[in-house]
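The chain that follows stands alone, in the form predicted alone, written as structure tokens.
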């Protein structure tokens, strides 16, 4: 059986296209009382950008706390907040921000339509009812969250996405002007998430012509942005993120992402930093990619955090390993069906201890 996967149904791209968001949302406001939930990264709460959000009087703006990786418990709180705001479901949920804000918007739109806690749905195809209409406006580029069928969440026992066709956004608004002025390290680490997506997808055992086509174009764009500094780097990074996200729709990521999930769950590292930390120790598996990654770090004067696992208790180290091992599709993509014989607990422990 071939995967019949869901894609974002509507996309607008171009500098200044954010100004069309109000018109786009007007098609969802079928009643005069229809309201939209804007779930916006809290970094914009005291910025000029706040005044550009096309919120109507009846709408709800939530300033999402993205200091930590998205948690299932936080999603549950946000859902209750929306339900307390109105007894009706919103006409739409719009996530504005980086990967965390977009993942929160996905999760809230899903959980407004499905019972229980977000933690109940961490896994593959557990969601039973379609989400509330939801849209994304990325203000960071690299995660591919704008096109993926996953909302990555940290639950009480594991870090694992809600993977479902219902997770996919109905609309995305790709305005390169919105990623201008991002702090350099955040820009770099988020972009490296995209670059590492491509390395892992293109070297994976699940690779086919569909994934390869998107992955190779995304890789080319990443190289331009991080090794050549083109004048239109924001436009190119935004498209690299889009293509990078598409490349894993028919493929998967690999060793780095699996290890990053463990780092994030135990140490609270943000996804992009966690990927970068882990990737720097994976030359054995991705030699060309790691060498090029180090060239990019050197060019942009990025210094990775070191000795993160030093002094960590055995209990926390074992939990890191547990979280990484849950992600069997990632390991299989990287190492094949016999991955468990290659990547033992001892091997994973040794990799973590180097970090």
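Just so you know, these numbers come straight off a predicted model, no measurement behind them. Residue numbers count along the first chain shown, from 1.
What comes next is about the form predicted together with nicotinamide-adenine-dinucleotide, which is not displayed.
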{"property": "Contact residue in the predicted complex, chosen from 304, 43, 317, 308 - any heavy atom within 4.5 Å of nicotinamide-adenine-dinucleotide", "result": "43"}
{"property": "Of 213, 150, 205, 117, the one that lies within 4.5 Å of nicotinamide-adenine-dinucleotide in the predicted complex (heavy atoms)", "result": "150"}
{"property": "Contact label in the predicted complex: residue 200 to nicotinamide-adenine-dinucleotide, heavy atom within 4.5 Å", "result": "no"}
{"property": "Residue 69 within 4.5 Å of nicotinamide-adenine-dinucleotide in the predicted complex, heavy atoms", "result": "yes"}
{"property": "Heavy atom of residue 178 within 4.5 Å of nicotinamide-adenine-dinucleotide in the predicted complex", "result": "yes"}
{"property": "Partner proximity in the predicted complex: residue 134 to nicotinamide-adenine-dinucleotide, non-hydrogen atom cutoff 4.5 Å", "result": "no"}
{"property": "Contact check for 73, 122 and 155 against nicotinamide-adenine-dinucleotide in the predicted complex, heavy atom at 4.5 Å", "result": "no"}
{"property": "nicotinamide-adenine-dinucleotide in the predicted complex: contacting segment from 135-143, 108-116, 74-82, 220-228, heavy atom within 4.5 Å", "result": "135-143"}
{"property": "Contact set, 97-132 vs nicotinamide-adenine-dinucleotide in the predicted complex - heavy atom within 4.5 angstroms", "result": "98, 99, 100, 101, 103, 106"}
